[in-house]
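Here you get one chain, nothing else, as structure tokens; it is the form predicted alone.
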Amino acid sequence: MSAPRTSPFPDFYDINDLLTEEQRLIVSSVREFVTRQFAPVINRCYMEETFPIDKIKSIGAMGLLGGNLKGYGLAGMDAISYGLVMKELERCDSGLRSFASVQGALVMYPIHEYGSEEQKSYWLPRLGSGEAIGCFGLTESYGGSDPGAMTTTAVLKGDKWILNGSKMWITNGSLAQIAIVWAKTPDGIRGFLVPTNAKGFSAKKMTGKLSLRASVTSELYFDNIELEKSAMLPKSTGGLKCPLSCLTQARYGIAWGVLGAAEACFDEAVNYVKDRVVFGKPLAAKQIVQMKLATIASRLTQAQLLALRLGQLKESGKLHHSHVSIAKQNNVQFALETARTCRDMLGGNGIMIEYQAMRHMCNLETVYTYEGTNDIHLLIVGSEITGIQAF
């Protein structure tokens, strides 16, 4: 006789039992917070291509911005707790997780790791509380998967750095007060703290997106911006190692976050097929529907276990960037396929904004591409296997 199930779907393998009491409390607290604060407005924001900026400080008050960083008034949560936070944010919308991910992993992390004590003491508390918003400028219009091809430059003239160039696809770019900008210098690629009110700085919001509409994406332009010597992140030495280390932190959060989107779509589809009656029976009674749900449950369980092990590796200090590539590639592809399948099970209703599957599906098309495309992450893993870089 089999044991009775103790955990509700979509936690098929009772992974919740592997979490600490504190981690479970984080999940319930963040889910309640997101349900109360963001769920009621996310459809409007998606349709209007806006982000609910009036709620940013509430995210900070919950300790969710840079929550895995230590010191400077930050939460200092463990790696798995941080992953669970990303999952609960993306359960609502990828744009919400993207905001927190960029603020914490791409803005606060490089300041925390590569900044001066003065930079850390000033910016980290402000960014952690949501008092200040940051953005991360690495990608350029002709760069994409080849960030080393950047043309943005910073040249030291006298006691000032002169910054010129542009960046594209920058999350939070039109909202930010500070930008982490990576530029070529005579000493290699370095990171700079650039105030967005600096003379010569401009940001243009990108509109007409069919994905991540509840997220602000911008182009940044730098026209002979004068920066103090102290604007450079002093420990951002070397080539692309420093900016790519920031992306590893963000990709870690993505590998967890997309599970939230997949779980939301799965929950919605299960409830729908149980209630929708076709030919005198609920859709849930049909073999093909049950097969689709069983396939999602199986792959979701695999993705959940992959994320959990990834968190253990990160917490133990054994994380390698190729570990993150496997998880980001696998989990995003799975989540996108799940959203598509769930949208299909909703039939015509699946294209309506009242249902979330298509919104998640469209968002995940972007997540599939950004911060390392699906193919690039496969090549990263392939390079690790063979010892030969194919790009």
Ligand code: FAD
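Please read all numbers here as calculations on a predicted model, not as lab measurements. For every residue, the number given is its place in the sequence shown, counted from 1.
Keep in mind that the form predicted together with flavin-adenine dinucleotide is missing from the display, and what follows is about it.
Quiz item: Which of these residues, 152, 81, 139, 174, gets a heavy atom within 4.5 Å of flavin-adenine dinucleotide in the predicted bound form?
Solution: Looking at the other structure, the residue within range turns out to be 139.
Of 169, 266, 192, 123, which one comes within 4.5 Å of flavin-adenine dinucleotide in the predicted bound form, counting heavy atoms only? Partner contact (heavy atom, 4.5 Å) among the options: 169.
Pick the stretch from 298-306, 157-165, 211-219, 123-131 whose residues have a heavy atom within 4.5 Å of flavin-adenine dinucleotide in the predicted bound form.
So the stretch in question is 211-219.
Within 4.5 Å, heavy atoms only: does residue 202 come near flavin-adenine dinucleotide in the predicted bound form? The answer is no: residue 202 has no heavy atom within 4.5 Å of flavin-adenine dinucleotide.
Original post:
Is there a non-hydrogen atom of residue 375 within 4.5 angstroms of a non-hydrogen atom of flavin-adenine dinucleotide in the predicted bound form?
Top reply: It does: once flavin-adenine dinucleotide is placed as it appears in the predicted bound form, residue 375 has a heavy atom within 4.5 Å of it.
**OP:** Decide whether residue 341 counts as a contact residue for flavin-adenine dinucleotide in the predicted bound form under a heavy atom distance cut-off of 4.5 Å.
**Re:** Outside the cut-off, so no.
Worksheet item: Any of the heavy atoms of residue 369 lying within 4.5 Å of flavin-adenine dinucleotide in the predicted bound form?
Response: Yes - in the predicted bound form, heavy atoms of residue 369 and flavin-adenine dinucleotide come within 4.5 Å of each other.
| Stretch 143-167 - residues with a heavy atom within 4.5 Å of flavin-adenine dinucleotide in the predicted bound form | Sequence-ordered list: 143, 144, 145.
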